[in-house]
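Just one chain follows, in the form predicted alone, and it is written as structure tokens.
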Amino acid sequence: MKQMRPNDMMLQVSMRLITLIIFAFSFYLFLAGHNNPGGGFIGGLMTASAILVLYLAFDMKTIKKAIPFNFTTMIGVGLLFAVFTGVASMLFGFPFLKHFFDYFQFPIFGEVELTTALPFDLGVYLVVVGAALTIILAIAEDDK
């Protein structure tokens, strides 16, 4: 007897739209984090939830083909970003993780504030996304 696959077209189309909205909100939370509530941790959790929604709507093989990241490597890269941000301030004679900021003029965006908290938040973001998805996918892939 031939096993039929369910037709989840409506679920898959709606999840693509929902994932896009979650990714956009995650990006907003990531960038707003050093002045408002948010940052790398909550932005990373939102991104992990967006990718998890895709895993729920599609099968594992399809999403692994579409998102070919090794999430354990992402944890290591994130840790390097976060630690390097702190060590870089020490190289200039300041305390570990000293926060700096300045305003710069960009042609399209105008005056933009850039901070050293952003690379640190990027490291936290990568660690959270990598850790959350590694744990969730390890549980989901357990066949026993």
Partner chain sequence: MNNLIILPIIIPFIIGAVLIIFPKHHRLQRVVSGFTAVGMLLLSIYLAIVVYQNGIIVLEAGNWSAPFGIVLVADMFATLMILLTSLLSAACLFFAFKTITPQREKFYFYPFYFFLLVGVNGAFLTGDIFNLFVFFEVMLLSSYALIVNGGTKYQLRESFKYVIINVFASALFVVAVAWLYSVTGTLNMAHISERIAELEQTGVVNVIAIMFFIVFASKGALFPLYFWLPKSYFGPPAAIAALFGGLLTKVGIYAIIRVFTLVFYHEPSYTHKAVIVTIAGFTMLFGVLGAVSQFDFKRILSYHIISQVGYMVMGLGIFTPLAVAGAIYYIVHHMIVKTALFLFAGAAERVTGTTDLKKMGGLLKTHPVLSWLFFISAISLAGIPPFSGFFSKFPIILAGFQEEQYIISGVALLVGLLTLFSMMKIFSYAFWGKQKHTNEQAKLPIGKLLLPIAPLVALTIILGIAAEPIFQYSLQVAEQIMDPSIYIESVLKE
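Just so it is clear, the model here is predicted, and its values are computed rather than measured. Numbering follows the first chain given and starts at 1.
The form predicted together with the partner chain is left out here; the points below concern that form.
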item: Listed residue (Ile67, Leu31, Val77, Leu114) with a non-hydrogen atom within 4.5 angstroms of the partner chain in the predicted complex; value: Val77
item: Phe27, heavy atom within 4.5 angstroms of the partner chain in the predicted complex; value: no
item: Interface membership of Ile63, the partner chain in the predicted complex, 4.5 Å heavy atom rule; value: no
item: Contact flag, Phe96 vs the partner chain in the predicted complex, heavy atom cut 4.5 Å; value: yes
item: Residues within 4.5 Å of the partner chain in the predicted complex, restricted to 67-91 and counted by heavy atom; value: Thr72, Thr73, Ile75, Gly76, Val77, Leu79, Leu80, Val83, Phe84, Val87, Met90
